[in-house]
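A lone chain, given as structure tokens: the form predicted on its own.
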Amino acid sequence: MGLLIKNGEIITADSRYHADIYCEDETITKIAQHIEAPEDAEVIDAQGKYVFPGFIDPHVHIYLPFMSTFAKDTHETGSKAALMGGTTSFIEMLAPSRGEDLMEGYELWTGKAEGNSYCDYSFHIGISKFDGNTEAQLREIVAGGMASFKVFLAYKNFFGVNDEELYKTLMLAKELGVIVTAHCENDELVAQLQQTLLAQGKTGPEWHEPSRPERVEADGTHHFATFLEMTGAKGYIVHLSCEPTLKVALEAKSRGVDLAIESVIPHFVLDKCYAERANYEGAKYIMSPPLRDKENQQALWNALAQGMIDTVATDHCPFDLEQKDMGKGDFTKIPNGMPAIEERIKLLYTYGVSRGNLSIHRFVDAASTRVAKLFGLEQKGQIAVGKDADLVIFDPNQRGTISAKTHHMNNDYSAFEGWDVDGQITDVTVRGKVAVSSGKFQGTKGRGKLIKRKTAGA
């Protein structure tokens, strides 16, 4: 049975126009001013609404063992929340620790997702060491359709790589045409600053940001950019949080370093005063890199509007209040991360497009189209004949309120509790199958599939 979306205003990264869209066999098969509905077609009337390409979150954590606990979402809950928030595909960070075997980790992560996801998904392959088995394992994984790596220049002795391992990873990535994503901080400075603060009795969540300040992130970014320059590999900075780091990244790009930049929605709309809230309330807002001084936000918005920041992700990593309590008396033990996969598009539209200076086309580009281009999601990120029928219907005239009482993430708090948002996602499709209808979830568990991607060298 086909699907016909009528009377909507189609908005892409470079155009907007009114037309109907017909979808069949999982793809868009026709776009025209007027399409008659076949007798057996499902019809959605999008009169007065926008039709966007399905949004793609390039940075999420669903299954994640971290700091003696586990992120709370499953692929069932995480993918449901994603769809309710207009995200039809995501790329999960597959992140085995230094003590784990990479191939065993790959099989574990992909096994957790298979048959349990409502939306499509892929993985960045986390490299926490580069030993005698790593190169052969990575070649096998890339041949199987994974086109991006992830390295941490943080979390020393757990996820973090040393310089020799970073160099070998980048050289292999260059050969294979793989993009390398990186968490950029100076791990030694973080470790030393943490111990200094704790020794001074500074143990609360408000000391998380001073333990990994802006210059520490900027230094890690400079380090990563230098290694990219020396190897010729293609890089991607994840969750860039502040103006000093942005300046370092843009300077590297100006001298020819092949580097893309991601920021995440919390850094655009939250600042460090949230993590400084009294009575341990600030623990809800602990993430790395930390929330920064509010003055950084305008620099991020300006760079996003100009396309200098390429993408907006979430770094979705949900830990509940009981888990956050693990760090009472020692901020270094607070699990890092907050739930955001369901709220990214609402917040980016509201504070970027509706109430800010972000063009609606740059909004689509940063949250969908450019993500697809950077990470080899060839069937995603566009509304065009032959592309996957991943579509989001959005009513700009409705309003909503964010709350943990109504969200679908497996988490008992919202970092944006009570915030008003402009516009509402009414309908969402995954490869032509309706997953959200008039704001109600009706997805099919297991319909989501692993997206195989081609590398630049393929």
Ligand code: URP
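Counting begins at 1, following the sequence as shown. Remember, it's a predicted structure, so these values are computed and weren't measured experimentally.
Keep in mind that the form predicted in complex with the ligand is not shown, yet the notes after this line are about it.
Participant: Can you tell me which of 151-159, 354-362, 226-234, 191-199 lies within 4.5 Å of the ligand in the model of the complex, counting heavy atoms only?
Facilitator: In the other structure, the partner sits against 151-159.
Participant: Just checking whether residue 343 would be counted as a contact of the ligand in the model of the complex - the rule being heavy atoms within 4.5 angstroms.
Facilitator: Residue 343 lies outside the contact set for the ligand.
Participant: Closest heavy atom of residue 183 to the ligand in the model of the complex, within 4.5 Å or not?
Facilitator: Yes.
Participant: Find out whether any non-hydrogen atom of residue 63 is located within 4.5 angstroms of the ligand in the model of the complex, and reply yes or no.
Facilitator: Heavy-atom contact with the ligand at 4.5 Å: absent for residue 63.
Participant: Whether residue 337 contacts the ligand in the model of the complex should be assessed with a 4.5 Å heavy atom distance threshold; does it?
Facilitator: It does: once the ligand is placed as it appears in the model of the complex, residue 337 has a heavy atom within 4.5 Å of it.
Participant: Which residue among 366, 170, 317, 146 has a heavy atom within 4.5 angstroms of the ligand in the model of the complex?
Facilitator: Of 366, 170, 317, 146, the residue with a heavy atom within 4.5 Å of the ligand in the model of the complex is 317.
Participant: Under a 4.5 angstroms heavy atom criterion, identify the one residue in 287, 249, 309, 372 near the ligand in the model of the complex.
Facilitator: Here the answer is residue option 287.
Participant: Are there residues in 212-251 with a heavy atom within 4.5 Å of the ligand in the model of the complex, and which are they, in order?
Facilitator: The stretch touches the partner through 239 alone.
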